[in-house]
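One chain comes next, on its own, written as C-alpha coordinates: the form predicted on its own.
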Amino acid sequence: MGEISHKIEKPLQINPIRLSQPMGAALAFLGIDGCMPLMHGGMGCTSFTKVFLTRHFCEPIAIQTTAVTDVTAILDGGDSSIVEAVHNITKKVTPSLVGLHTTGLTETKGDDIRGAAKQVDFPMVYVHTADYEGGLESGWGKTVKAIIEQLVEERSQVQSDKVVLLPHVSMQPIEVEKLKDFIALFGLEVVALPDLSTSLDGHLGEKQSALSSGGVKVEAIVSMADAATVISVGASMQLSAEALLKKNAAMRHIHMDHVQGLVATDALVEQLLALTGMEQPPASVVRWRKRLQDVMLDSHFSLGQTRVMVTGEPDFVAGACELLSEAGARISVALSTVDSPQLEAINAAKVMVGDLEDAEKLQAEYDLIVGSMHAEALAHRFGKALVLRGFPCWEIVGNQLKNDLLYEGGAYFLCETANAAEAMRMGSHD
(Lines give C-alpha, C1' and ligand atoms only; values in the text may rest on other atoms or scores of the structure.)
Protein backbone atom coordinates (compact mmCIF):
# COMPACT_ATOMS: atom_id res chain seq x y z
CA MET A 1 0.00 0.00 0.00
CA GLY A 2 1.42 3.36 -1.01
CA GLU A 3 0.79 7.00 -0.22
CA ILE A 4 -2.91 7.92 0.18
CA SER A 5 -4.33 11.45 0.00
CA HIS A 6 -8.05 11.98 0.64
CA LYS A 7 -8.15 15.72 -0.08
CA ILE A 8 -7.25 18.08 -2.90
CA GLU A 9 -4.41 20.22 -1.61
CA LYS A 10 -5.25 23.30 -3.69
CA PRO A 11 -8.10 25.87 -3.66
CA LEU A 12 -9.60 24.93 -7.05
CA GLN A 13 -9.51 22.27 -9.73
CA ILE A 14 -7.66 23.45 -12.86
CA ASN A 15 -8.43 20.59 -15.25
CA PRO A 16 -11.27 18.75 -13.52
CA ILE A 17 -12.39 15.17 -13.99
CA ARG A 18 -15.10 15.29 -11.30
CA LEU A 19 -18.70 15.08 -12.53
CA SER A 20 -21.73 16.47 -10.70
CA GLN A 21 -24.21 14.82 -8.35
CA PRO A 22 -27.27 15.95 -10.40
CA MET A 23 -25.83 14.09 -13.38
CA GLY A 24 -25.55 10.91 -11.32
CA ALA A 25 -29.12 11.37 -10.07
CA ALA A 26 -30.48 11.81 -13.61
CA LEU A 27 -28.63 8.68 -14.76
CA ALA A 28 -30.09 6.66 -11.86
CA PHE A 29 -33.64 7.76 -12.71
CA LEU A 30 -33.04 6.70 -16.33
CA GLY A 31 -32.71 3.14 -15.07
CA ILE A 32 -36.43 3.10 -14.16
CA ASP A 33 -38.96 2.24 -16.86
CA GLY A 34 -41.03 5.23 -17.96
CA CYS A 35 -39.36 7.62 -15.50
CA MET A 36 -38.89 11.32 -16.20
CA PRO A 37 -35.94 12.92 -14.40
CA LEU A 38 -36.83 16.50 -13.41
CA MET A 39 -33.82 18.65 -12.58
CA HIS A 40 -34.68 21.59 -10.30
CA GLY A 41 -32.33 24.30 -11.51
CA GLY A 42 -31.40 26.46 -14.47
CA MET A 43 -31.88 25.28 -18.03
CA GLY A 44 -28.12 25.21 -18.55
CA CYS A 45 -27.66 22.58 -15.84
CA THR A 46 -30.15 20.27 -17.54
CA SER A 47 -28.93 20.98 -21.06
CA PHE A 48 -25.35 20.13 -20.11
CA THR A 49 -26.38 16.82 -18.53
CA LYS A 50 -28.61 15.95 -21.49
CA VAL A 51 -25.88 16.62 -24.05
CA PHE A 52 -23.27 14.87 -21.92
CA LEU A 53 -25.27 11.64 -21.56
CA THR A 54 -26.50 11.74 -25.17
CA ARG A 55 -22.93 11.89 -26.49
CA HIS A 56 -21.74 9.13 -24.16
CA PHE A 57 -24.54 6.66 -24.83
CA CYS A 58 -25.37 7.80 -28.42
CA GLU A 59 -29.02 7.67 -27.37
CA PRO A 60 -31.81 10.25 -26.88
CA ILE A 61 -31.93 11.17 -23.18
CA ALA A 62 -35.22 12.14 -21.50
CA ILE A 63 -34.67 14.90 -18.91
CA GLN A 64 -36.88 17.86 -17.98
CA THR A 65 -36.10 21.03 -16.04
CA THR A 66 -37.96 23.43 -13.75
CA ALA A 67 -36.10 26.19 -15.67
CA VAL A 68 -35.26 28.38 -12.69
CA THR A 69 -34.43 31.91 -13.92
CA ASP A 70 -32.65 34.82 -12.24
CA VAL A 71 -36.04 36.24 -11.20
CA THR A 72 -37.50 33.02 -9.78
CA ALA A 73 -34.18 32.21 -8.12
CA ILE A 74 -34.45 35.41 -6.05
CA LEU A 75 -38.19 35.97 -5.57
CA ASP A 76 -39.81 32.54 -5.80
CA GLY A 77 -39.70 29.84 -3.15
CA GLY A 78 -39.21 27.18 -5.81
CA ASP A 79 -42.50 25.41 -5.16
CA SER A 80 -44.44 26.90 -8.05
CA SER A 81 -41.81 26.07 -10.66
CA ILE A 82 -41.79 22.41 -9.58
CA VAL A 83 -45.59 22.13 -9.58
CA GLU A 84 -45.80 23.89 -12.95
CA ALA A 85 -43.08 21.69 -14.45
CA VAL A 86 -44.87 18.48 -13.39
CA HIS A 87 -48.14 19.88 -14.75
CA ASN A 88 -46.51 20.64 -18.12
CA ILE A 89 -44.82 17.24 -18.30
CA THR A 90 -47.98 15.27 -17.54
CA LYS A 91 -49.99 17.23 -20.13
CA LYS A 92 -47.82 15.72 -22.86
CA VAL A 93 -46.76 12.30 -21.51
CA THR A 94 -47.65 9.97 -18.65
CA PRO A 95 -44.46 8.94 -16.87
CA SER A 96 -44.53 6.10 -14.37
CA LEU A 97 -42.52 8.27 -12.01
CA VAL A 98 -41.07 11.78 -11.81
CA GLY A 99 -37.57 11.90 -10.36
CA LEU A 100 -37.07 15.35 -8.80
CA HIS A 101 -33.49 16.31 -7.95
CA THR A 102 -31.79 19.58 -7.13
CA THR A 103 -28.71 21.46 -8.33
CA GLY A 104 -26.24 23.83 -6.69
CA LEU A 105 -28.44 26.88 -7.33
CA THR A 106 -31.62 25.52 -5.72
CA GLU A 107 -29.69 23.89 -2.87
CA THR A 108 -28.08 27.25 -2.11
CA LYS A 109 -31.55 28.83 -2.08
CA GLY A 110 -32.73 26.09 0.26
CA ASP A 111 -35.81 25.11 -1.72
CA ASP A 112 -38.17 22.74 0.10
CA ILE A 113 -38.48 20.00 -2.51
CA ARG A 114 -40.12 17.62 -0.01
CA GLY A 115 -42.90 20.16 0.57
CA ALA A 116 -43.20 20.79 -3.17
CA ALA A 117 -43.47 17.06 -3.87
CA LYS A 118 -46.43 16.85 -1.46
CA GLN A 119 -48.26 19.44 -3.57
CA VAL A 120 -48.01 17.22 -6.63
CA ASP A 121 -50.66 14.56 -7.14
CA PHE A 122 -48.36 12.28 -9.10
CA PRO A 123 -45.86 9.50 -8.26
CA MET A 124 -42.62 11.28 -7.41
CA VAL A 125 -39.26 10.64 -5.73
CA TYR A 126 -37.24 13.64 -4.55
CA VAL A 127 -33.56 13.82 -3.63
CA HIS A 128 -31.08 16.56 -2.72
CA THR A 129 -28.07 16.50 -5.08
CA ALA A 130 -26.10 19.72 -4.72
CA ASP A 131 -23.39 19.85 -7.34
CA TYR A 132 -20.92 21.71 -5.11
CA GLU A 133 -20.34 18.54 -3.11
CA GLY A 134 -19.87 14.84 -3.92
CA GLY A 135 -19.83 13.69 -7.52
CA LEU A 136 -21.43 11.43 -10.12
CA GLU A 137 -21.08 8.37 -7.88
CA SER A 138 -22.60 9.94 -4.75
CA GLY A 139 -25.45 11.46 -6.79
CA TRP A 140 -26.32 7.99 -8.08
CA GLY A 141 -26.03 6.44 -4.60
CA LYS A 142 -28.15 9.13 -2.89
CA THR A 143 -30.84 8.74 -5.54
CA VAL A 144 -31.05 4.96 -5.18
CA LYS A 145 -31.33 5.38 -1.40
CA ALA A 146 -34.13 7.94 -1.84
CA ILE A 147 -35.97 5.64 -4.28
CA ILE A 148 -35.84 2.80 -1.76
CA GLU A 149 -36.89 4.96 1.18
CA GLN A 150 -39.80 6.58 -0.66
CA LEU A 151 -41.11 3.75 -2.86
CA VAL A 152 -40.31 0.33 -1.39
CA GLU A 153 -43.03 -1.09 0.85
CA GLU A 154 -42.13 -2.84 4.10
CA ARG A 155 -42.44 -6.62 4.12
CA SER A 156 -41.93 -9.38 6.69
CA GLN A 157 -41.74 -12.44 4.40
CA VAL A 158 -39.09 -13.20 1.75
CA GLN A 159 -38.85 -15.18 -1.47
CA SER A 160 -35.85 -17.45 -0.97
CA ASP A 161 -34.68 -17.32 -4.61
CA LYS A 162 -35.10 -13.56 -5.16
CA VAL A 163 -32.11 -11.20 -5.17
CA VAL A 164 -31.97 -7.40 -5.41
CA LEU A 165 -28.81 -6.13 -7.13
CA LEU A 166 -27.61 -2.58 -6.37
CA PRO A 167 -24.89 -1.69 -8.97
CA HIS A 168 -22.60 1.34 -8.70
CA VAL A 169 -22.69 4.13 -11.26
CA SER A 170 -19.59 3.11 -13.22
CA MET A 171 -21.06 -0.21 -14.32
CA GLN A 172 -21.97 0.03 -17.99
CA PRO A 173 -25.38 -1.35 -19.10
CA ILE A 174 -23.91 -4.60 -20.45
CA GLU A 175 -22.03 -5.08 -17.18
CA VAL A 176 -25.28 -4.90 -15.21
CA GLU A 177 -26.76 -7.46 -17.60
CA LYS A 178 -23.72 -9.75 -17.31
CA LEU A 179 -23.83 -9.61 -13.51
CA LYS A 180 -27.58 -10.32 -13.47
CA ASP A 181 -27.05 -13.30 -15.78
CA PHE A 182 -24.11 -14.52 -13.68
CA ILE A 183 -26.21 -14.55 -10.50
CA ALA A 184 -29.12 -16.13 -12.36
CA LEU A 185 -26.85 -19.06 -13.34
CA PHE A 186 -27.03 -20.08 -9.69
CA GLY A 187 -30.82 -20.45 -9.92
CA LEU A 188 -31.72 -17.04 -8.52
CA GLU A 189 -34.19 -14.40 -9.73
CA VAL A 190 -32.45 -11.00 -9.99
CA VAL A 191 -33.93 -7.48 -9.96
CA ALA A 192 -31.48 -4.59 -10.41
CA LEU A 193 -31.99 -1.04 -9.13
CA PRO A 194 -31.39 1.02 -11.21
CA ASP A 195 -31.31 -1.19 -14.28
CA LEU A 196 -29.53 0.49 -17.20
CA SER A 197 -29.08 -2.90 -18.87
CA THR A 198 -32.50 -2.64 -20.51
CA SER A 199 -32.79 1.14 -20.89
CA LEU A 200 -29.43 2.56 -22.09
CA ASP A 201 -27.93 -0.59 -23.55
CA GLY A 202 -28.19 0.70 -27.11
CA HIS A 203 -31.13 -1.40 -28.23
CA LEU A 204 -33.19 -0.23 -31.19
CA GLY A 205 -36.72 0.50 -29.98
CA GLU A 206 -39.87 0.19 -32.01
CA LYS A 207 -40.44 3.96 -31.93
CA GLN A 208 -39.06 7.16 -30.46
CA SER A 209 -40.28 7.78 -26.92
CA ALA A 210 -40.30 10.94 -24.81
CA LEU A 211 -39.68 8.80 -21.71
CA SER A 212 -36.97 6.36 -20.69
CA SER A 213 -37.59 3.01 -22.37
CA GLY A 214 -36.64 -0.10 -20.41
CA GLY A 215 -35.26 -0.32 -16.90
CA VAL A 216 -36.77 -1.70 -13.71
CA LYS A 217 -40.51 -1.14 -13.38
CA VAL A 218 -41.93 0.92 -10.52
CA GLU A 219 -44.10 -2.04 -9.44
CA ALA A 220 -40.97 -4.17 -9.08
CA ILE A 221 -39.32 -1.48 -6.94
CA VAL A 222 -42.35 -1.27 -4.63
CA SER A 223 -42.16 -5.01 -3.87
CA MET A 224 -38.35 -5.30 -3.61
CA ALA A 225 -38.36 -5.87 0.14
CA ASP A 226 -39.66 -9.42 -0.36
CA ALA A 227 -36.26 -10.49 -1.72
CA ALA A 228 -34.25 -12.82 0.49
CA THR A 229 -30.93 -11.21 -0.42
CA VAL A 230 -29.59 -7.82 -1.45
CA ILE A 231 -26.21 -7.68 -3.22
CA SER A 232 -24.57 -4.25 -3.29
CA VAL A 233 -21.56 -3.57 -5.52
CA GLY A 234 -19.37 -0.58 -4.64
CA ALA A 235 -18.84 1.35 -1.43
CA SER A 236 -21.20 4.05 -2.73
CA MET A 237 -24.11 1.56 -2.54
CA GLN A 238 -23.71 0.59 1.11
CA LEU A 239 -26.21 3.18 2.35
CA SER A 240 -28.76 2.09 -0.26
CA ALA A 241 -28.45 -1.52 0.89
CA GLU A 242 -28.91 -0.46 4.52
CA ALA A 243 -32.06 1.47 3.53
CA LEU A 244 -33.46 -1.65 1.89
CA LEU A 245 -32.63 -3.85 4.89
CA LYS A 246 -34.75 -1.50 7.04
CA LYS A 247 -37.76 -2.45 4.91
CA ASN A 248 -37.47 -6.12 5.87
CA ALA A 249 -35.37 -7.42 8.75
CA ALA A 250 -35.40 -10.92 7.24
CA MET A 251 -33.28 -9.88 4.24
CA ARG A 252 -29.60 -10.88 3.99
CA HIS A 253 -26.90 -8.55 2.68
CA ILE A 254 -23.90 -9.45 0.54
CA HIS A 255 -21.57 -6.53 -0.13
CA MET A 256 -18.85 -6.52 -2.78
CA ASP A 257 -16.49 -3.52 -3.08
CA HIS A 258 -16.25 -4.51 -6.74
CA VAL A 259 -16.53 -7.61 -8.92
CA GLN A 260 -13.41 -7.19 -11.06
CA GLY A 261 -10.57 -9.69 -11.16
CA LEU A 262 -10.01 -13.26 -10.09
CA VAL A 263 -10.10 -12.77 -6.31
CA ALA A 264 -13.25 -10.65 -6.20
CA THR A 265 -15.13 -12.93 -8.62
CA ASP A 266 -14.03 -15.99 -6.64
CA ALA A 267 -15.43 -14.30 -3.52
CA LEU A 268 -18.77 -13.68 -5.24
CA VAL A 269 -18.96 -17.28 -6.45
CA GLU A 270 -18.25 -18.49 -2.93
CA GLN A 271 -21.07 -16.31 -1.57
CA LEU A 272 -23.50 -17.54 -4.21
CA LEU A 273 -22.61 -21.19 -3.57
CA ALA A 274 -23.25 -20.67 0.15
CA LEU A 275 -26.50 -18.87 -0.62
CA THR A 276 -27.92 -21.54 -2.91
CA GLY A 277 -26.36 -24.68 -1.42
CA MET A 278 -24.85 -25.66 -4.77
CA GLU A 279 -21.69 -27.73 -4.53
CA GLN A 280 -20.07 -26.59 -7.79
CA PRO A 281 -20.39 -23.44 -9.95
CA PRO A 282 -22.07 -23.80 -13.37
CA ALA A 283 -19.80 -25.15 -16.12
CA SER A 284 -19.69 -21.83 -18.02
CA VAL A 285 -18.45 -20.06 -14.89
CA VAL A 286 -15.63 -22.59 -14.45
CA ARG A 287 -14.71 -22.26 -18.13
CA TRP A 288 -14.48 -18.44 -17.99
CA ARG A 289 -12.35 -18.65 -14.84
CA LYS A 290 -9.84 -20.76 -16.75
CA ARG A 291 -9.90 -18.30 -19.67
CA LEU A 292 -9.16 -15.39 -17.32
CA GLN A 293 -6.29 -17.34 -15.76
CA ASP A 294 -4.84 -17.93 -19.23
CA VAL A 295 -5.21 -14.25 -20.19
CA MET A 296 -3.49 -13.23 -16.95
CA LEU A 297 -0.58 -15.48 -17.91
CA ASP A 298 -0.48 -14.16 -21.49
CA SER A 299 -0.77 -10.48 -20.60
CA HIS A 300 1.53 -10.27 -17.60
CA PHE A 301 4.64 -10.08 -19.82
CA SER A 302 3.37 -6.79 -21.22
CA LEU A 303 1.55 -5.45 -18.18
CA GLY A 304 4.43 -6.34 -15.87
CA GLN A 305 6.62 -3.74 -17.56
CA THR A 306 3.87 -1.11 -17.77
CA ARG A 307 3.29 1.65 -15.24
CA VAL A 308 -0.41 2.54 -15.13
CA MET A 309 -2.47 5.50 -13.96
CA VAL A 310 -6.18 4.76 -13.37
CA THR A 311 -8.62 7.69 -13.09
CA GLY A 312 -12.36 7.85 -12.46
CA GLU A 313 -15.06 7.32 -9.85
CA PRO A 314 -13.74 5.58 -6.71
CA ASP A 315 -15.66 2.32 -7.12
CA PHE A 316 -14.38 1.94 -10.69
CA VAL A 317 -10.80 2.87 -9.77
CA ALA A 318 -10.77 0.27 -6.97
CA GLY A 319 -11.93 -2.54 -9.27
CA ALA A 320 -9.71 -1.66 -12.24
CA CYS A 321 -6.60 -1.34 -10.05
CA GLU A 322 -7.25 -4.72 -8.45
CA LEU A 323 -7.72 -6.46 -11.81
CA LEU A 324 -4.59 -4.91 -13.33
CA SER A 325 -2.51 -5.65 -10.22
CA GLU A 326 -3.50 -9.33 -10.34
CA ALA A 327 -2.01 -9.52 -13.86
CA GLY A 328 1.22 -7.90 -12.73
CA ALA A 329 0.70 -4.28 -13.82
CA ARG A 330 2.35 -1.64 -11.67
CA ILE A 331 -0.28 0.90 -10.60
CA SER A 332 1.79 4.01 -9.99
CA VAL A 333 -1.11 6.49 -9.68
CA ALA A 334 -4.78 5.95 -8.76
CA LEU A 335 -6.54 9.30 -9.29
CA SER A 336 -10.06 9.50 -7.86
CA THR A 337 -12.65 12.15 -8.64
CA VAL A 338 -13.82 12.37 -5.01
CA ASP A 339 -12.98 10.91 -1.61
CA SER A 340 -14.24 7.45 -0.66
CA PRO A 341 -13.50 4.65 1.84
CA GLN A 342 -12.47 2.65 -1.25
CA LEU A 343 -9.23 4.62 -1.48
CA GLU A 344 -7.82 2.86 1.60
CA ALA A 345 -7.93 -0.55 -0.11
CA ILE A 346 -6.50 0.41 -3.52
CA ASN A 347 -3.23 -1.31 -4.33
CA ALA A 348 -1.25 1.56 -5.88
CA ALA A 349 1.97 3.46 -5.23
CA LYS A 350 0.07 6.74 -5.00
CA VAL A 351 -3.68 7.10 -4.34
CA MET A 352 -5.10 10.60 -4.46
CA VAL A 353 -8.18 12.77 -5.04
CA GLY A 354 -7.38 15.30 -7.72
CA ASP A 355 -7.69 16.56 -11.26
CA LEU A 356 -5.86 16.19 -14.55
CA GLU A 357 -3.47 19.00 -13.64
CA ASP A 358 -2.21 16.69 -10.89
CA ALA A 359 -2.01 13.89 -13.44
CA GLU A 360 0.08 16.09 -15.74
CA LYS A 361 2.55 16.89 -12.95
CA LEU A 362 2.97 13.14 -12.35
CA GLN A 363 3.29 12.20 -16.04
CA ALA A 364 6.82 10.84 -15.60
CA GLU A 365 5.47 8.16 -13.25
CA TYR A 366 3.20 6.26 -15.68
CA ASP A 367 3.15 4.90 -19.26
CA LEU A 368 -0.53 4.08 -19.75
CA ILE A 369 -3.74 5.82 -18.67
CA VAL A 370 -7.05 4.09 -17.94
CA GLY A 371 -9.59 6.89 -17.91
CA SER A 372 -12.23 8.89 -19.73
CA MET A 373 -12.04 11.05 -22.83
CA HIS A 374 -10.99 13.95 -20.59
CA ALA A 375 -7.56 12.27 -20.37
CA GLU A 376 -7.16 12.03 -24.16
CA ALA A 377 -5.31 15.35 -24.58
CA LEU A 378 -2.96 14.47 -21.73
CA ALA A 379 -2.18 11.08 -23.28
CA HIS A 380 -1.48 12.57 -26.72
CA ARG A 381 0.65 15.41 -25.34
CA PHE A 382 2.97 13.11 -23.41
CA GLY A 383 2.85 9.99 -25.62
CA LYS A 384 0.96 7.78 -23.17
CA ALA A 385 -1.21 4.81 -24.11
CA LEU A 386 -4.89 5.33 -23.35
CA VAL A 387 -7.61 2.80 -22.51
CA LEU A 388 -10.94 4.64 -22.48
CA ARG A 389 -13.18 3.91 -19.51
CA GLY A 390 -15.64 5.81 -17.29
CA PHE A 391 -17.62 8.99 -18.05
CA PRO A 392 -17.52 10.62 -20.50
CA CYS A 393 -16.21 8.68 -23.48
CA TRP A 394 -17.12 10.68 -26.56
CA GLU A 395 -16.17 10.27 -30.22
CA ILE A 396 -16.41 6.49 -29.93
CA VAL A 397 -19.39 4.17 -30.08
CA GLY A 398 -20.23 1.14 -27.97
CA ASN A 399 -19.51 2.44 -24.47
CA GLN A 400 -22.62 0.68 -23.16
CA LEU A 401 -21.30 -2.66 -24.48
CA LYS A 402 -17.90 -2.59 -22.73
CA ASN A 403 -17.62 -5.31 -20.10
CA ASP A 404 -14.80 -5.46 -17.54
CA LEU A 405 -16.57 -7.46 -14.82
CA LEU A 406 -16.29 -11.01 -13.52
CA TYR A 407 -14.04 -13.62 -15.17
CA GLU A 408 -15.27 -12.88 -18.70
CA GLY A 409 -15.03 -9.07 -18.64
CA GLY A 410 -11.72 -9.23 -16.79
CA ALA A 411 -10.23 -11.28 -19.62
CA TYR A 412 -11.42 -8.73 -22.22
CA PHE A 413 -10.09 -5.78 -20.21
CA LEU A 414 -6.63 -7.29 -19.68
CA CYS A 415 -6.31 -8.13 -23.40
CA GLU A 416 -7.29 -4.58 -24.40
CA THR A 417 -4.91 -2.98 -21.91
CA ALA A 418 -1.97 -5.25 -22.78
CA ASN A 419 -2.51 -4.59 -26.51
CA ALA A 420 -2.62 -0.82 -25.88
CA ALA A 421 0.64 -1.03 -23.93
CA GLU A 422 2.34 -3.00 -26.72
CA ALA A 423 1.09 -0.59 -29.38
CA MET A 424 2.54 2.29 -27.38
CA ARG A 425 5.91 0.56 -27.06
CA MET A 426 6.06 -0.28 -30.78
CA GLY A 427 5.18 3.32 -31.61
CA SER A 428 7.91 4.64 -29.33
CA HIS A 429 10.52 2.62 -31.26
CA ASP A 430 9.65 4.07 -34.69
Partner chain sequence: MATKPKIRELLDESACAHNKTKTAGCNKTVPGATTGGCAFEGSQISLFPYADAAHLVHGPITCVGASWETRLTRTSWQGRDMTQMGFTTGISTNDVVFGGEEKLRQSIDYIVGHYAPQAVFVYSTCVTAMIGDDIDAVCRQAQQDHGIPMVPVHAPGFVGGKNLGSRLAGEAVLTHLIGTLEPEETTPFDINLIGDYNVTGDMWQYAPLLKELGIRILSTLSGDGRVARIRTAHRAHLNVLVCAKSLISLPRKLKEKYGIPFISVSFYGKRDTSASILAIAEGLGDADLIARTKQLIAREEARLEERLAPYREIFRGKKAVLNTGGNKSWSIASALQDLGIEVVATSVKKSTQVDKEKARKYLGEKGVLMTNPGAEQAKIIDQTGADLLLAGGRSLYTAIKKKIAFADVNQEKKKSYGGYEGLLNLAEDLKNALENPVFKNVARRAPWEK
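As the structure is a computational prediction, the values presented were derived from the model and not from experiment. Residue numbers count along the first chain shown, from 1.
One more form of this protein should be noted, the form predicted together with the partner chain, which is absent from this view; the next part is about it.
Although the partner is absent from this view, residue 362 stays clear of the partner chain in the model of the complex, with no non-hydrogen atom inside 4.5 angstroms. In the model of the complex, at least one heavy atom of residue 132 sits within 4.5 Å of a heavy atom of the partner chain.
In the model of the complex, residue 88 approaches the partner chain with a heavy atom inside 4.5 Å. At a distance threshold of 4.5 angstroms between non-hydrogen atoms, residue 357 is in contact with the partner chain in the model of the complex. Although the partner is absent from the chain shown here, 10, 15 and 70 each have a heavy atom within 4.5 Å of the partner chain in the model of the complex. Checking 165, 125, 243, 105 against the partner chain in the model of the complex, a heavy atom within 4.5 Å turns up for just one residue: 105.
84 is the sole member of 294, 270, 84, 121 with a non-hydrogen atom within 4.5 Å of the partner chain in the model of the complex. From the list 401 to 409, 50 to 58, 25 to 33, 362 to 370, the contact stretch for the partner chain in the model of the complex under a 4.5 Å heavy atom rule is 50 to 58. Residues from 392 to 416 that approach the partner chain in the model of the complex with a non-hydrogen atom closer than or equal to 4.5 Å are 394, 395, in the order they occur in the chain.
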